[in-house]
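For reference, the chain that follows is the form predicted on its own, supplied as structure tokens.
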């Protein structure tokens, strides 16, 4: 399911200026598009616009359009959008309803609110929990889980709803390296299953490895959009508040010194291979 953002400008209530300024963007069905940029660049606001929280929940002043699967988010209700777009936020603790006693019940909460038949609900919840590796803790309280497990629980709650579009807004920002790897493995699996993914992320090594498209934002605007090698290879990337993965910086330095004339790899493994070739080993 495609996402099309057309000349979107949005201002939060009571704010002197727009958080998004004339943003246009297309994410094709089945793409894994990563939003990168410094804090305040507009990434979270754009994620909320795609999920319909902007303007339905936050209100404010909005111009332009956001289409998900051809449907205008402004003309759709939050309930309708929930069937098309699932969103996972930064803080996993904030996404737990507090209305359930077990992990299983937490994942079932959304489906029950939609009136999904019991047999289907049970099957969907089991599938989602197994997919994120939480089936064995299904009877535990959500508040007994680690931060990484709680974030996987939030993802499972979205997966159970089975929306074609999934948005992750800095979903790894409060996780340790182990938790980050767990979440990105799930993201990679979702991409392989054909989901359309919009991911705001600061950890560039994962963006470089997994994204099919990268959108660089600054000051509420889109500065650049394209393949990871193109956007993360920009000479002015740091000037826009984004640091490229260290291994990319190392290979770029080798190119500047004339020691390497090939492409800059997007993975640590690729950079290690370049270093082996340069060193003659």
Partner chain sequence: MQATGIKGTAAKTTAAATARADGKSETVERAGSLDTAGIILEDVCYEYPGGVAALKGISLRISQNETVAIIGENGAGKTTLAKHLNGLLKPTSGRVFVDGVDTRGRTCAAMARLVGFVFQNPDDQLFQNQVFKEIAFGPRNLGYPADKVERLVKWAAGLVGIEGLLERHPFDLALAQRKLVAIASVVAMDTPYVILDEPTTGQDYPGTQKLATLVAKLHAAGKTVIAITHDMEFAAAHFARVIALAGGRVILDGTPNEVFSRPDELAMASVEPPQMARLGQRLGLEECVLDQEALLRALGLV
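Please read all numbers here as calculations on a predicted model, not as lab measurements. Numbering follows the first chain given and starts at 1.
There is another form of this protein, the form predicted together with the partner chain, and it is not shown here; the text below is about that form.
Distance criterion of 4.5 Å from any heavy atom to the partner chain in the predicted complex singles out 181 from the list 83, 118, 181, 130. This chain is displayed alone, yet in the predicted complex one of 212, 229, 249, 29 has a heavy atom within 4.5 Å of the partner chain; that residue is 249. At the 4.5 Å threshold, heavy atoms of residue 126 stay clear of the partner chain in the predicted complex, well away from it. Contact check for residue 194: no non-hydrogen atom falls within 4.5 Å of the partner chain in the predicted complex. Using a 4.5 angstroms limit between non-hydrogen atoms, residue 269 touches the partner chain in the predicted complex. Contact annotation for residue 141: none of its heavy atoms lies within 4.5 Å of the partner chain in the predicted complex. Site residues 2, 60 and 64 are none of them in contact with the partner chain in the predicted complex, judged by any heavy atom within 4.5 Å. Exactly one of the stretches 220-228, 52-60, 239-247, 65-73 approaches the partner chain in the predicted complex with heavy atoms within 4.5 Å, and it is 239-247. Looking at 156-186, the residues that come within 4.5 Å of the partner chain in the predicted complex, counting any heavy atom, are 170, 173, 174, 175, 176, 177, 178, 181.
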